[in-house]
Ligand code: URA
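Below, in structure tokens: the form predicted alone, a single chain.
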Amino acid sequence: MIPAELIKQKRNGATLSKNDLRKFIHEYVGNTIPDYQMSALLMAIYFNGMDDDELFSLVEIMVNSGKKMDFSNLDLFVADKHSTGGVGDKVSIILAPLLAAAGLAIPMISGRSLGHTGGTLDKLETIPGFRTDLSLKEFQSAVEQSGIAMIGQTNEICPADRKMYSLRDVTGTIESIPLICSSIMSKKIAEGIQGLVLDVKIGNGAFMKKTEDAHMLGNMLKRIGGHFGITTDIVYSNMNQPLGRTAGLWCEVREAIDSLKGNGPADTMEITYELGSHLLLQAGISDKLDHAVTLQKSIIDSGKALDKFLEMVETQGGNPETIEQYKKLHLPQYNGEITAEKSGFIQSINTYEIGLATVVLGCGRAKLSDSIDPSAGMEFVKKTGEDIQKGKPIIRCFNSDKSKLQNTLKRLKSVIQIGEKQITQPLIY
């Protein structure tokens, strides 16, 4: 296997054999093949795609590049949830403890910010002391003890995907459907789960802007799940505006805690309940959608979901007592507003630009070495369909770096369109 020849084959649209692909990835993980050659292969895949044989091979190679979890000793349905990436999407932080409180086992491996989308790991790590770098032994123990753990990829889990994931973020190959699918599903398969629900975002703030592309992605994810024996459900949801009232880092954790206390924004909770219902149905805990929704609401009202979140925080190194002071943590030094230039109704929001602006603000990384600011974020005072008066705030931005704040405010000046007609749009397709 000559790396340059393999790259040329894929560049020219050929189908790569499992053996050649395995050798290429194995040598990349072993640092024999450099980043620039993997970047070239990723770009060739981006332009030419992969057929199912290649795709299943890629997933299998990624899974087998590391260790796999085994929760067969648990008398619980083992499941997970994943979103294809959005702005303001903090659902995992709400849903994982909610489902664990309902009696499922949730071993969740999450990612960092990618392009314009936020990362669950970056948000969780704003919790003082919270560790997302548990070893697999610690991870397994936490799930067995509490029914839940949320970590990042360790060196033991899908190391091939770990290296490729970071490279995709800085090489313009994020949106490749085969690469998205193989990255998501390799980690989920390695978790040892039985069931999975996937939130495939559609809209100007999603990687999939068009419905047909989202369906292609969803169908591919479902085929991979079926091939590897995982019950897989797909939910398609709207990402033409940020989800919830905040986007950023600690501010999203705050919103998640509010949601676990029963005070979550309507759209955030609608998505949460929809996704959770699929897994409760898969697990046989509920037999109807309306019962699954009612059950989740009752678990939140009882305080059990918040208790499970606090238990997870303590198990993973955080101090639950700090959560009691959550409104006083990571207070930003600076803030500014985007105000309405005229009165009317919010017609549209350029969510992609808002996502990029959160990176500028300090919530994400433009390059791998960038640090992030836990106090950085945005509050969406008004959203699509809501009325606004001239001069009133639409978006509030905050962080602890004044120059980044000023650059962000400049970038946001034209992301909101205001018109005379009130419009509505579905949240779940």
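So that there is no doubt, residue numbering starts at 1 and follows the sequence shown. Worth saying up front: this structure is predicted, and the values here are computed from it rather than measured.
As for the form predicted in complex with the named molecule, it is not shown, yet the points below apply to it.
- Comment: 172 to 180 is the region of 308 to 316, 339 to 347, 262 to 270, 172 to 180 lying near the named molecule in the predicted bound form, near meaning a non-hydrogen atom within 4.5 Å.
- The closest non-hydrogen atom of residue 81 lies beyond 4.5 Å of the named molecule in the predicted bound form.
- At a distance threshold of 4.5 angstroms between non-hydrogen atoms, residue 295 is out of contact with the named molecule in the predicted bound form.
- Of the heavy atoms in residue 168, some are within 4.5 Å of the named molecule in the predicted bound form.
- In the predicted bound form, residue 187 approaches the named molecule with a heavy atom inside 4.5 Å.
- Distance criterion of 4.5 Å from any heavy atom to the named molecule in the predicted bound form singles out 114 from the list 289, 136, 234, 114.
- Out of the listed residues 130, 207, 77, 352, 207 is the one that sits within 4.5 Å of the named molecule in the predicted bound form by at least one heavy atom.
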